[in-house]
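What follows is one chain in structure tokens, specifically the form predicted on its own.
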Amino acid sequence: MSTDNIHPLIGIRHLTESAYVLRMERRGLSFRAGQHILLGKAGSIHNREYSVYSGEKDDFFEVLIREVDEGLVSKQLKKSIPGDQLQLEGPLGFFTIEPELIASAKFLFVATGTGIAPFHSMAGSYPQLNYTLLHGVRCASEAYERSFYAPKRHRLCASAEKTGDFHGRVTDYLRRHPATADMHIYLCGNFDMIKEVFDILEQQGVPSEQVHAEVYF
């Protein structure tokens, strides 16, 4: 078996009972913020797509994972310990920011749950980025590593309790705080959210070519 795509685990940090971050040796792997990989235990036939969580210039490689009841890979990876060999394919995908826009454009990121992962990578890769991040969760405990983001850039939308910046879904927030036609908008999360946000943005006059989406689960 080739070892070119083997990345030893450095550590695991648990954010909630179900969500955790795996940190692996980078081994020179090149990627663009917003891309994803296929990840699994070395030698296993089972893998799963995960967006890259770490920044382009970090000397390690991270993914954010939520354990799901029917998720074989997420359960396996949660039991990993430092030194375990993980196997990945990629990076893959085009959910990325055009380099010429990074310094000057205005961005709106909309995520649900662990769909925040690519935006964590983008924010960490491009410190000069002018963005607002809407993160939709059920409760504030799911605001994964919120302190990483500048407070003025992060809007937590909690649907099940009044503990976030906004009580309701990200779609409710967008209806009350419309996007503008000069924004470049990136959506990552469940299909229903993405479909609804597309409809809202169309009504608000945002050009469709400025809206990018990655269905996460």
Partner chain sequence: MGLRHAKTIATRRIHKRLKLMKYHIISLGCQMNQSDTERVKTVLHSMGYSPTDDEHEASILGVIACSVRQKAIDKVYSRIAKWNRLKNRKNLITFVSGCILPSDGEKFLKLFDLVFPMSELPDLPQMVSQYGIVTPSSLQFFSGEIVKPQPVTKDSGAQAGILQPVSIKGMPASLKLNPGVDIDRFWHVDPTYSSDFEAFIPIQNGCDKFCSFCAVPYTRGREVSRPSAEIIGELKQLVENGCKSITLLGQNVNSYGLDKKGQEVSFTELLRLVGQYGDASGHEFWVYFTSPHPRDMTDDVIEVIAQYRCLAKQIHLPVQSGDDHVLLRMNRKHSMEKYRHIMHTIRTLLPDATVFTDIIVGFTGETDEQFENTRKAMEVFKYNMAYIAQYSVRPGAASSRWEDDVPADVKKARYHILSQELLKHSLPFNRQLVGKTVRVLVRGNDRKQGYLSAHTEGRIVVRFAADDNSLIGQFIDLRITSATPLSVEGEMVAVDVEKLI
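Treat the numbers as computed from the prediction; the structure is a model and nothing was measured. Numbering follows the first chain given and starts at 1.
Below, we turn to the form predicted in complex with its partner chain, even though it does not appear here.
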Residue (of Ala143, Ile97, Leu88, Leu108) lying close to its partner chain in the predicted bound form, criterion heavy atoms within 4.5 Å: Leu88
Let me know the one among Leu9, Val21, Ile194, Val206 whose heavy atoms come within 4.5 Å of its partner chain in the predicted bound form, would you? Ile194
Within 4.5 Å of its partner chain in the predicted bound form: all of Leu38, Ile45 and Val215, by heavy atom? yes
Heavy atoms within 4.5 Å of its partner chain in the predicted bound form: which stretch in 161 to 169, 146 to 154, 176 to 184, 48 to 56 meets that? 48 to 56
With heavy atoms only and a cut-off of 4.5 Å, decide whether Leu72 touches its partner chain in the predicted bound form. no
I'd like to know whether Leu92 contacts its partner chain in the predicted bound form, with contact meaning heavy atoms within 4.5 angstroms. yes
Non-hydrogen atom contact Glu17 with its partner chain in the predicted bound form at 4.5 angstroms: no
Along 135 to 171, which positions have a non-hydrogen atom within 4.5 Å of its partner chain in the predicted bound form? none
